[in-house]
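First, one chain by itself in structure tokens, the form predicted alone.
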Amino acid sequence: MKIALFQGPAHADSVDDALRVLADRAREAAASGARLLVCPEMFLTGYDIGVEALHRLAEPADGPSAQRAAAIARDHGIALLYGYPERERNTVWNSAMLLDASGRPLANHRKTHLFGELDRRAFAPGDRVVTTATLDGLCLAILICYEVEFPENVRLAALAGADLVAVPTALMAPYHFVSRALLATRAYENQVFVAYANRCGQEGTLEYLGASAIVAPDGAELARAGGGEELIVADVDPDAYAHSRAINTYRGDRRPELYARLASPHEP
């Protein structure tokens, strides 16, 4: 399956603006042959816009913006994964929605590992580490930004059968190492594809790093963005990496019975 990542938007002043950008990038991605377009964390609203604005703009998973995104998916015949602030009654989560090419919701993931005060002031933590869905025969797991930096999360996604870990993110300075080195490690040690869609430009106090990437199970970069607004595309074919999975046997060589202290680190 061919997938596309959109890095951006560099500028979007409203949810309406973001949805217009989504429609344009969906059209472009579909024209390239991509079956899935992955967009960044908090794509619909912006990320560093303040707690009050995030809560004001938050919507239910099936709210008006989700309906408009579903129409975009249908119009262009492409699946979409995008970040947004999700509201249910008085609780707001940092979430990512996956729609198939008909606009049908396939999965909604709530960020479980919150980063810094920006996340913790604005959002409740999700309680489901692994969110998976099947898209065109490919098992896809969703993680959001900081979550991919925890090896346990990606390993659990791989053990749940994921071929591709899709990561809407908002990686900012000075954390260049995450995109440049850690993604390849996560892909290699779990024998999965990692698709990491970042924001770019300046927003509030944050300087986003761009450098979105699609990484193969052998750690090779299939596509890499620069620092500005950009669409990148690559083919994701798990069968092409059968040799890599045969020689990198981390998953088969695990001894989970020895890892109890990961869950209970204070026990002897």
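Start at 1 and count along the sequence shown; that's the residue number. Remember, it's a predicted structure, so these values are computed and weren't measured experimentally.
Although not depicted, the form predicted in complex with another copy of the chain is the subject of the following passage.
- For G126, a non-hydrogen atom is located within 4.5 Å of another copy of the chain in the predicted bound form, even though that partner is not displayed.
- Of the heavy atoms in N153, some are within 4.5 Å of another copy of the chain in the predicted bound form.
- Taking non-hydrogen atoms only, A107 never approaches another copy of the chain to within 4.5 angstroms in the predicted bound form.
- Of the heavy atoms in A181, some are within 4.5 Å of another copy of the chain in the predicted bound form.
- Contact with another copy of the chain, judged by heavy atoms within 4.5 Å in the predicted bound form, is confined among 94 to 102, 156 to 164, 134 to 142, 77 to 85 to 156 to 164.
- Taking a 4.5 Å heavy atom cutoff to another copy of the chain in the predicted bound form, the contacting residues in 243 to 257 are I247, N248, T249, Y250, R251, D253, R254, R255, P256.
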